[in-house]
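Form predicted alone, single chain, as structure tokens, below.
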Amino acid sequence: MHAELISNRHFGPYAHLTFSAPALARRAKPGQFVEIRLTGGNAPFWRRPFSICRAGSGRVEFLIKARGRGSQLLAQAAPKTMVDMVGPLGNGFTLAGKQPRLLVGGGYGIAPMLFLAQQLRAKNIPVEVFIGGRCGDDLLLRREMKLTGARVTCSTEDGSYGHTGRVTEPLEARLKQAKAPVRIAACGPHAMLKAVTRLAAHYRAEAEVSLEEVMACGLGVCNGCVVKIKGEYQRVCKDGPVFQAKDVDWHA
């Protein structure tokens, strides 16, 4: 489908993009992603995958970091730019159940957590969000998270904002205090997801993780994003990107 860029807000190397895409907004679920390609002769051939940050009212939002050529061109796009989208793709987070949710996001891995928090709060499910980054500039979507009604805890490795240390430290403190079952959802660097998985196992909490791998087609055809799940290779784009944390073979 084709979608028009409505707004593009920049902060540091990050960009918050909002597109008009009514059909996509109706079908999107938290944890799914979209493959995006700019039109024109200078655009890379392959589309780029981006997690859905928020969807509703005919609009779809993405939080991206300008890293390679494709994401840099998209981050520099002006309003009214038209893009080519394929999505929503992949499997999202579990919304069923009434257990309180602990959402963990590292860097721009916080992007799909906003959509998830929004959907969970609409179901009156208690939500706590743990946002981590190297410094204060990496703590993204704090204001938007608070507006959902979620309790937000921030951590920075350099101590410039919130808790000093890794985001998994306040998460563990919260798990130690839990008097009833909770569920965890996480997205971010592999090292963080591995640590979250270890904590979930230790405190007997169910956990889902959203994995990030290099994707070309995004449709499960090229098999370029395989990971080992329960001893078998699965495709992040088609079988994920959300998996049960306990099923991921982090040593593979």
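Keep in mind that this is a model prediction, so the values were computed, not measured. For every residue, the number given is its place in the sequence shown, counted from 1.
Keep in mind that the form predicted in complex with a small molecule is missing from the display, and what follows is about it.
In the model of the complex, the small molecule sits within 4.5 Å of a heavy atom of Leu211. Using a 4.5 angstroms threshold between heavy atoms, Arg27 stays clear of the small molecule in the model of the complex. Proximity of Ser71 to the small molecule in the model of the complex falls within the 4.5 Å heavy atom cutoff.
Interface residue remark: Gly218 is not counted as part of the site for the small molecule in the model of the complex, having no heavy atom within 4.5 Å. Between 167-175, 119-127, 106-114, 142-150, the stretch whose residues reach within 4.5 angstroms of the small molecule in the model of the complex through a non-hydrogen atom is 106-114. The single contact residue among Val227, Ala200, Leu193, Leu63, judged by any heavy atom lying within 4.5 Å of the small molecule in the model of the complex, is Leu63.
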